[in-house]
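This document opens with one chain alone, in structure tokens, the form predicted alone.
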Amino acid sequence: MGIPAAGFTVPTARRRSTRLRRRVGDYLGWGATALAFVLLGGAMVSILVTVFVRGSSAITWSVITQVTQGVGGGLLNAIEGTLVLAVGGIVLAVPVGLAAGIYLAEFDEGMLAPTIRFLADVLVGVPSIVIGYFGYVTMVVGLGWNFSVAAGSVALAIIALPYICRTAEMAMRQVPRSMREAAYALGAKDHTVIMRICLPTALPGILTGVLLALAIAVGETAPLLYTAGWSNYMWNGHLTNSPIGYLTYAIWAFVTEPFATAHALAYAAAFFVTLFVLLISVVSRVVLDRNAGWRRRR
């Protein structure tokens, strides 16, 4: 009886050694994950604290109610311009991006759909300054629009387009197949199924993508330098041949100036941009969570 017992000693020791190595590997993996989380969270908290502390101390009533005057004054023109450009870019990008997303989700056949998907993925990786250069060559100079709201909005629309497209595609693909089959069984056509069944069901996911694209548009600087220019005045309502101010330009231009008033405007502009992006991100997160809860209840 002693020989079999001795024979089972080696496999038992190997299993213990394997379990020990796995446990050590698990601890090391979780430790590295926790360290990465702490570093990332610490960096994010540090940025937010710096922006909000310095920005909130620089915000005064005149910053909100006055236009920029050289390296002083306020940011009313920049706040208005940021909202105009961001909304203009999203208004231009949503119809095209939504249509492309619906096509990719519902008519994924032939070579056109993979080509659109590939181009959308490539467009995500294109540096924003390259898009600004493209806008400058084609619209500011080529079409004679000069620095303007139209050129800046088109540049932001190009940046937001792939995000809306792919988000719309994923949201449409998440619509249960049973809903489509039930609609087809009742005699509904393709356009009826898409517009009356799929699109309303996927709307929260699509809205999340639109909000994220809006947050990206609010924080852009490079493409607007070449397309929107800069103006110390309020927008005059013209779409072309009229530059406009925006918050990210104030950060880029004023933070390097050797004047306290310029630094205050840069901090205040950073505060407003961060606040806008944070609010948009929170709203998109709430919409996504409510959509997930609605799906679970169903």
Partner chain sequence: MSFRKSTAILASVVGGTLVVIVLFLTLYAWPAIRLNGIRFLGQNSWNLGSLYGNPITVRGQQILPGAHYGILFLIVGTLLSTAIALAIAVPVGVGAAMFLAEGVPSPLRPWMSFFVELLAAIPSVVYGLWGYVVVIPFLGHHLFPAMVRWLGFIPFLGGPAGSGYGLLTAGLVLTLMIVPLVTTTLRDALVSPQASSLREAAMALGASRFETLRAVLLPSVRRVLIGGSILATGRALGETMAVLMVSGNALNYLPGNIYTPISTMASFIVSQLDSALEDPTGMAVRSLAEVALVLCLISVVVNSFARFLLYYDASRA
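Think of the rigid core as the biggest set of C-alphas that the two forms share within 1.5 Å after superposition. All values derive from a computational prediction rather than experimental measurement. Positions refer to the first chain, counted from 1.
Although not depicted, the form predicted in complex with the partner chain is the subject of the following passage.
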{"item": "Proximity to the partner chain in the predicted bound form (heavy atom, within 4.5 Å), stretch among 203-211, 175-183, 76-84, 91-99", "value": "91-99"}
{"item": "4.5 Å heavy atom contact, residue 67 and the partner chain in the predicted bound form", "value": "no"}
{"item": "Close approach of residue 50 to the partner chain in the predicted bound form, 4.5 Å, heavy atom", "value": "yes"}
{"item": "Close approach of residue 225 to the partner chain in the predicted bound form, 4.5 Å, heavy atom", "value": "yes"}
{"item": "Partner contact for residue 37 in the predicted bound form: the partner chain, 4.5 angstroms, heavy atom", "value": "yes"}
{"item": "Contact residue in the predicted bound form, from 150, 198, 171, 131 (heavy atom within 4.5 Å of the partner chain)", "value": "131"}
{"item": "Members of 219-254 lying within 4.5 angstroms of the partner chain, judged by heavy atom, in the predicted bound form", "value": "219, 221, 222, 225, 226, 248, 251, 252"}
{"item": "Core-aligned CA displacement of residue 31 at least 2 Å between the shown form and the other one", "value": "yes"}
